[in-house]
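As structure tokens, one chain now follows by itself in the form predicted on its own.
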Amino acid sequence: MERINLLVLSDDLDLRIEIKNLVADDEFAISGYSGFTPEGKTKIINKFPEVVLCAVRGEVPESVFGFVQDLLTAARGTIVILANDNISVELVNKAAQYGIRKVLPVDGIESAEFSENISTVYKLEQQRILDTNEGKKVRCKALGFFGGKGGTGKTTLAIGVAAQLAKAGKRVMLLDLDLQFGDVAMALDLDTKNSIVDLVQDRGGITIENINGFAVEHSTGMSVLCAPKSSEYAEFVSPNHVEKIIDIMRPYYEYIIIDLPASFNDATITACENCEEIYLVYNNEILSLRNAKVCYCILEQLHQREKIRFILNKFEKGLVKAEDFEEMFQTKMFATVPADYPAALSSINKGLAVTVAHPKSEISKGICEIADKIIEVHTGVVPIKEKEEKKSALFKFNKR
């Protein structure tokens, strides 16, 4: 079951930590923390969390209620819950007047009870949406593809998944964040003079107009923001630039596919923190298994463990099995993509996504299954397979 996306608002850093400890990790995914500031409001609008938890100690200022009122106008469908250490009848009534669904104590409450209260409010709101036929807004999903070592095939998968999502009619941005050695442009045969470096150095600043201006529209329908052509330009892109670019793109794209470098740096960590899911792409061999363990531990220390999904790429029968990964990390493999070296190499030489160059190959089938699974998990809609579509069309024709 997909976790409930929750964002914590509080100006008190210690209180943020208390709330983090009260929220059950297995049921909620904390998408971020912020204060009651314009930047906090922008983050909420862009990330569109299902629940916003406002945490305040002492008397709740009028500015907080004003903030909530503006927020609910801008981010319709978001549930706001207030956590406070001095709950009174007056506070509960006032909170209800401003659209706050629940007031919870921050002291003297167990984690299970705290989480259950939030979950109950969320379920009641979802039922209300179903009863009124309002429909649920689809949030943008930033999905990072990370290998931890070269040669895992993460770039091929990132390109293929992005192309397949675009083919399914989704608004997709493919972001090459391998700032030193990114080769998405070469793999797609894109002759572009502009890159992410030109975007961050532009006098107009990082705006959606500039992002679209510096990005390239690919024939598959996806947009591509390329890495710089020379590695010495990588230092011009800061972690703040990365976070701002992702935040600004969210309202305009359904999926942001990020091809991450094969190492941890400040920009990589920032991207991981701003992703909803991180796909660790590895092969079934000993060195890859060892590297996966190292990367998993680093992401766990960065509090990103709940975002991790494993993809076993270039799968061949050998000593290391998919079950070995599952047993080591106590998680099910998200997907397994078979090895198909001729198709992968041919697609790169042609400058095409492998799903376009060789749609019937085994690797393309594996990538299409990943894209379909992503759509199903994020939207609840099961994509119709091409064979099913043909069968349905034939049935209708015969029926006539």
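What you see is a predicted model; the values in this text were computed from it and never measured. Start at 1 and count along the sequence shown; that's the residue number.
There is also a form predicted in complex with a small molecule; it is not shown, and the following applies to it.
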| property | result |
| --- | --- |
| Heavy atom of each of Thr42, Ile245 and Pro251 within 4.5 Å of the small molecule in the model of the complex | no |
| The small molecule: the contacting residue among Asn274, Gln164, Thr155, Ser195 in the model of the complex [heavy atom, 4.5 Å] | Thr155 |
| Proximity to the small molecule in the model of the complex, single hit among Ile348, Ala55, Val68, Ala29 (heavy atom within 4.5 Å) | Ile348 |
| The small molecule in the model of the complex: contacting segment from 30-38, 60-68, 368-376, 333-341, heavy atom within 4.5 Å | 333-341 |
| 4.5 angstroms heavy atom contact with the small molecule in the model of the complex for Val51 | no |
| Touches the small molecule in the model of the complex: Gly150 (any heavy atom, 4.5 Å) | yes |
| 4.5 Å heavy atom contact, Lys314 to the small molecule in the model of the complex | yes |
